[in-house]
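Single chain ahead, written as structure tokens, the form predicted alone.
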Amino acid sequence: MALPNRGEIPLTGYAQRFVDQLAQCRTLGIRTVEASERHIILELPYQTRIIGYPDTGVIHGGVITTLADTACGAVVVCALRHATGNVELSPTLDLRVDYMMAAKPEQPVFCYAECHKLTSAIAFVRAIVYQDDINNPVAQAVGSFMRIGPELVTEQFRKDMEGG
């Protein structure tokens, strides 16, 4: 998986507004580092309340899954915005997360996700959860998200996503 060109990142604010809509993301303090029509990077800050193993300080795997699912969903929202010009939601159909190692305590965790295929009904994504180096992942994920169309988005959600 190649990292994106670090030039213009036009959908970062749009992606953050999506992340801010999700109560679990507000609670966990997840923020958007950057986003484009093809990729997103989210950051999860380390917090003692997300520790799954008190003896080691390692983050609970459910939090890592939440980060990966959110990154995958957010990149689909950005890809659909770019492809259609509409605000659309896409619930998770399937998400497989493979854990490769424990996240190091006291450090933030990042998730890089990309939407590599959009069809009329499904968006396909893949993601890497990492800390210091994307080439030394904590976990990887692949998933599919169902497109439900812009007509099922509420006017309030559309306004919130448009930033006004």
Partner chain sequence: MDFKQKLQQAATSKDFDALLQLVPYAQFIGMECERYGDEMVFRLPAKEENIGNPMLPALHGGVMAGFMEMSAIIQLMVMMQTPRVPKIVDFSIDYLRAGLLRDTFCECIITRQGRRVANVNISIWQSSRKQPIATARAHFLLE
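Residue numbers count along the first chain shown, from 1. All figures in this text were calculated on a predicted structure; none of them were measured in a lab.
A second form of this protein, the form predicted in complex with its partner chain, is not displayed here; the remarks below concern that form.
K.L.:
Find the only residue in 33, 51, 134, 122 having a heavy atom within 4.5 Å of its partner chain in the predicted complex.
P.N.:
Comparing distances to its partner chain in the predicted complex, the residue within 4.5 Å is 51.
K.L.:
Using heavy atoms only and a 4.5 Å cut-off, determine which of 109, 28, 118, 128 is in contact with its partner chain in the predicted complex.
P.N.:
If I apply the 4.5 Å criterion carefully, the residue I get is 28.
K.L.:
Is residue 46 part of the interface with its partner chain in the predicted complex - any heavy atom within 4.5 Å?
P.N.:
Answer no; every heavy atom of residue 46 is more than 4.5 Å from its partner chain in the predicted complex.
K.L.:
Quick one: does residue 105 come within 4.5 Å of its partner chain in the predicted complex, counting heavy atoms only?
P.N.:
Outside the cut-off, so no.
K.L.:
Wondering, does residue 86 line up within 4.5 Å of its partner chain in the predicted complex on heavy atoms?
P.N.:
The answer is no: residue 86 has no heavy atom within 4.5 Å of its partner chain.
K.L.:
Using the partner position in the predicted complex, report whether residue 21 sits within 4.5 Å of its partner chain, counting heavy atoms only.
P.N.:
Although its partner chain is absent here, residue 21 would touch it in the predicted complex, with heavy atoms inside 4.5 Å.
K.L.:
Relative to its partner chain in the predicted complex, which residues of 111-142 have a heavy atom no more than 4.5 Å away?
P.N.:
Nothing in the stretch sits within 4.5 Å of the partner.
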